Each structure stands twice: as C-alpha cells, then as structure tokens.
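Take a look at this single chain in structure tokens; it is the form predicted alone.
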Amino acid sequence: MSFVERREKIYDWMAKEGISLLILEDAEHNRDKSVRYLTGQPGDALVFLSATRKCLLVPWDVNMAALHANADDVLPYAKFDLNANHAAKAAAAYFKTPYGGRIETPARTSYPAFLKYVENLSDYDVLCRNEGARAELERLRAVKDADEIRLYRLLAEKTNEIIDLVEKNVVDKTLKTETDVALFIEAECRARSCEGTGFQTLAAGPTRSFGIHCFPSYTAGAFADKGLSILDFGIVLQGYSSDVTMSFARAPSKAQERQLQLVEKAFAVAYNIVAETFKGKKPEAKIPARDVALAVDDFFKKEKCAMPHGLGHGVGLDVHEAPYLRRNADAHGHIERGMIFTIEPGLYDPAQGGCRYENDILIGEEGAEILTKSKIVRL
C-alpha cells in the first residue's frame, strides 16, 4: 500500500468526522510515527491533511524530505520561524479551510500549547482529543498491509542472522561481557543496512537478570556466566523494528531450569491459542488480546508463580504499539489477520535470576507464523 493509499483512509475518516484540517507532529516533545506512516518522512516534521485530500509536509530538514518523503507539497519549517502555530495558521489559509471548520491538533498537545492553537486559529473550531485521529491511526497501523508484511519478513531474516551469530559467539566465548554483546548487535545491524537498534539493547548477565528491564541496559559485567542471562534487542529497517529476547543458561540449578521450562511452556500456551484461532478459519476470525494474556497468567498461577508484565505487544514503526496482550487490555482490543506482535513470557527471581523468551508473530492469510527464531540457549 502506498503512502497515498494510506492517506486516503485517513481522508475518509476525516470526512466521517467532519474534520477540515488535521495536524500531526513528530518532534522531540511530541513523537508520532504516524508522520512516517503517512509520508515516509523519517521524523521531525509537521503534517497537515486537508478535507480537500491534500497533504502538506513541513519538515525541519527539507533535504531529507527530498530523499524520503511523499506529500503533495513540502514547505520548510524555517519558513514559519520553527513555530507550529505559525505553520498551522499558514496551512489553514493554504488549504482555504472554511470559516468555523474543525481543525484537530495532535492528541498529545499540552494544554498551554492547545491554548496557543486556539488563539492563533480563532476563526476555526479547534479540537484536541484522545479518541480522534491518533486512535484511528493506531487502529490502521496495527493491521499491516502487504508491503509492511514483506518488509517484516526481510527484517526477520536479518534479525535471525544476528540471533544465530550472537549464539555462536557466546558459545565460542568471543562475546564475554554485556557490552561485547550489545555493541556486536549494533555493528551487525548496521552491516545489514539497518537504521540501528529499535531500542537500547538490554543485556543482563547472571547478577542482573532478575530485572524485567535491567538498568543500566548493559555494563562491562560478565554475560552468560553460570546462571541465567537475558538479551532483549530489536533492529530497525525502514523505520520498522523487530523485538526479540534470548535467554542464556549456563549450568542452571534445578530451580533455574524449572523457570526456563515454565517460560518455554508459557510461550507454547500462548502461541497454540493464537495458532488454533486462525487455523482454517474465515478471514474475519478474531480473538480478544487479553484472553491470550489471561491464559498465560492462569498457567503461571497453577504453577504457583506469576509474570510481572504483559504477555506481548504489537510491533511496527513504534516498537510498542497495538495490539496489547495484557490482562488489563481494552476489552475491545482484538488480534486479527495482518497483525504482527510479540509473545514474551518471563519469570524473574532476585535469588535465581530471570529469563524471558520473545518472538515476533504474524497472523497472515494462512494463519499464525513465528517470524523470528529467538531461543533459550542452554550452555
């Protein structure tokens, strides 16, 4: 699906909502990857979408926009003194927005910033709402189109290559410290023409693996020594991120081996539910995301333990996006065909250490598919 086709879906939504002008912003104080989703601009830009079905991109860097962006017109942010309100007023005039027309500002606009929009756009009905364009774009982005799925297959291939290399080098003891592992992943993803890592790699050796997300994210400490180690990373290709977690166990105790086996079984519980739901079913098959999370919670409860985080989340231009697989997820949030999400059960103990097992799952036309090949490595 092209950027133009994606924008058409939002124009249709704007027509239903009676929105004359929609403002999206991706900036340091207000990140929104939907700017890239709709235009291809890597970031740091304003996007104005008009009811006339035209798109105006206002980037900080027009040179990057010339290389990457798709819009009906591009005007440099400097033209408006790097001021969003000046740009918005100019865009309203540019599109001949009718007097009293509804202009929707970014959902995460602060109240003082919203008042500035109201002041500068006094001829219009200015909106800021949680269930507006941001919610609609989240819904659209959750279901990947054919181009996104093809990209994710390539991204998974590159991720799997790095998974195999990390395992080999840890086994060979070429990678000995948390820093060794983290910097190795950074170098290998760049070598594969990726944009970088999707987030700061989390490498926790046996003394730090009890944390869900270790802090600092990695140190000069030993990795994959006796006990349990966790490695959580993702790589970015054309803006889209993978997200996987490997666990390494060297000479695990009985208690640690039990943790590993329970996490592996929990992953199977979740995946089997999803696979069965979409096996040979009609295209409109769905399952509440929270039901999958609750099934894993029940499994752990029967084993007299508990997982202190959600079961998984969607991946895309944001490494955490819809759908959200957790017990307190929106009751109306469903898993459906076209979605890509993680399943990542984990257990953590201050005395024994922790382990987590995470892969990226696609619900394709043929059913559920595990795209990445992360694993629990016993040394």
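Computed from a predicted model, the values in this text were never measured in an experiment. Residue indices: 1-based, along the sequence shown.
Below, we turn to the form predicted together with a further copy of the same chain, even though it does not appear here.
Contact annotation: Pro112 falls within 4.5 Å of a further copy of the same chain in the model of the complex, judged by heavy atom distances. Looking at Asn130, you'd find a heavy atom of it within 4.5 angstroms of a further copy of the same chain in the model of the complex. Contact check for Tyr218: a heavy atom falls within 4.5 Å of a further copy of the same chain in the model of the complex. a further copy of the same chain is not drawn, but in the model of the complex it has no heavy atom within 4.5 Å of Tyr94.
A single residue from the set Phe210, Tyr124, Tyr271, Phe299 has any heavy atom within 4.5 angstroms of a further copy of the same chain in the model of the complex; that residue is Phe210.
Between a further copy of the same chain and the residues Glu119, Glu303, Glu157, Glu195, the one pair within 4.5 Å by heavy atoms in the model of the complex involves Glu195. Not one of Gln256, Lys286 and Val377 comes within 4.5 Å of a further copy of the same chain in the model of the complex, counting any heavy atom. Shown alone, this chain has one stretch from 95-103, 144-152, 184-192, 159-167 that lies within 4.5 Å of a further copy of the same chain in the model of the complex by heavy atoms: 184-192. Counting a residue when any of its non-hydrogen atoms is within 4.5 Å of a further copy of the same chain in the model of the complex, there are no hits in 281-298.
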